[in-house]
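So this first bit is one chain, no partners, the form predicted alone, shown in structure tokens.
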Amino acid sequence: MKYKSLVAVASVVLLFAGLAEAAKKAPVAKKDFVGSKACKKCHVDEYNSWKESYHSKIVQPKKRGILREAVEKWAGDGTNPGPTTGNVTGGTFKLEDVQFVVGSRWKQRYLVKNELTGNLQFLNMQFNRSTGKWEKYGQKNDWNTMCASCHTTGYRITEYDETAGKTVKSKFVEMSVGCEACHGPGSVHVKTRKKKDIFNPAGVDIMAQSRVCGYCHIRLENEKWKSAQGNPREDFPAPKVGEAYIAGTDWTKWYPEEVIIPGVQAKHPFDAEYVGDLKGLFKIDEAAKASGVYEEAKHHQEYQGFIQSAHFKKGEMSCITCHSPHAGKGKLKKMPKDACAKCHDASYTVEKYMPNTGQTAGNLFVRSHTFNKTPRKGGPGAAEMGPPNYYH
């Protein structure tokens, strides 16, 4: 009996040893995107504060996100009518044809189906909340193949026509900028709940933190992955077809050579002569050349402005020093306008050192992030807007 017992024990030991060895050799589960709702199960405070952010609302279904004032002024009195045609196809569309809306705080744009490609396309007008008027908007590329990589989470190209040089199909896990856009895919972390299985921007150096934001807050020309219409893209879809960008990876090392990023690549300096969509990206004059600081002239160029600043070069600050996409666990959400006063005296104001330079709509400007010692005078500041008033 003792012998049989010893054999049984030995068998169990060998079994567990074998399982342990097999576990070591087993392939690590591939990380994938699971959506922000999966994060809510453990991170309720962070999730709820993120839901209040404009990152979470950048793209919304029409029913939930269309602005009340836009609906009221869609037909108008005939002097300033709303959108009527699709920018890509030129087809006629009505308010009821809108499927998704983009933006809500300052302006809003509208997406309808492109029946030729099965993707989404923009309508020909955008609504400006500051002026209460409709303005022309001319983006003539499918949204899925020009804008979606930064307006969704877990975006990847699924079909690319190498011969024609066009992105045919793409997919994503979540509309808008979700948790995993900054923290990377969460499938493994959801199972293990280990910190090492998710990316945390707070755990890397200052420059790496800003690169997470810089993936989208940047202007470039991408000749590698073109839109469904065959035009150079303005974004980074991913390193390879079928893959999604993973937050925390250094995109400055994997982007294709065909991508032109003014100011980020040594061979494409800020003050070079650019053409097409890259023309006029920066304020270039004698004062700029003398200081070596070229303030942004268009919107979503914050990263290219910030990397010129002493704050960035000295490793003093990153984007999340002043901005927080969420708050939680007793942490208050940061107010960017109050950030300067934490280190400087009252003479350092956002209005002075972050002038309105890049116009994004009529009377709407975004602020420069160069923190130039001798900042230029900015454009007129729009009146502070109240919270969006959605139609539903």
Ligand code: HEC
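The numbering used is simple: start at 1 and walk along the sequence shown. Just so it is clear, the structure is predicted and the values come from calculations on it, not from any experiment.
There is another form of this protein, the form predicted together with the ligand, and it is not shown here; the text below is about that form.
Within 4.5 Å of the ligand in the predicted complex, heavy atoms considered, which of 228, 181, 244, 112?
None of the other options qualify; the answer is 181.
Using a 4.5 Å cut on heavy atoms, which of 150, 98, 281, 260 is close to the ligand in the predicted complex?
Result of the distance check: 150.
Flag residue 325 as yes or no: does it have a non-hydrogen atom within 4.5 angstroms of any non-hydrogen atom of the ligand in the predicted complex?
Residue 325: contacts the ligand in the predicted complex.
Contact of residue 82 with the ligand in the predicted complex (heavy atom, 4.5 Å):
Residue 82: no, not in contact with the ligand in the predicted complex.
Using heavy atoms and a 4.5 Å limit, would one call residue 30 a contact residue for the ligand in the predicted complex?
The answer is no: residue 30 has no heavy atom within 4.5 Å of the ligand.
Is there a heavy atom of residue 248 no more than 4.5 Å from a heavy atom of the ligand in the predicted complex?
No.
Name the stretch: of 282 to 290, 98 to 106, 113 to 121, 83 to 91, exactly one has residues whose heavy atoms fall within 4.5 Å of the ligand in the predicted complex.
Among the listed stretches, the partner-contacting one is 98 to 106.
Going by heavy atoms, what in 290 to 320 lies within 4.5 angstroms of the ligand in the predicted complex?
Heavy-atom contacts within 4.5 Å come from 299, 300, 302, 303, 306, 310, 311, 314, 316, 317, 318, 319, 320.
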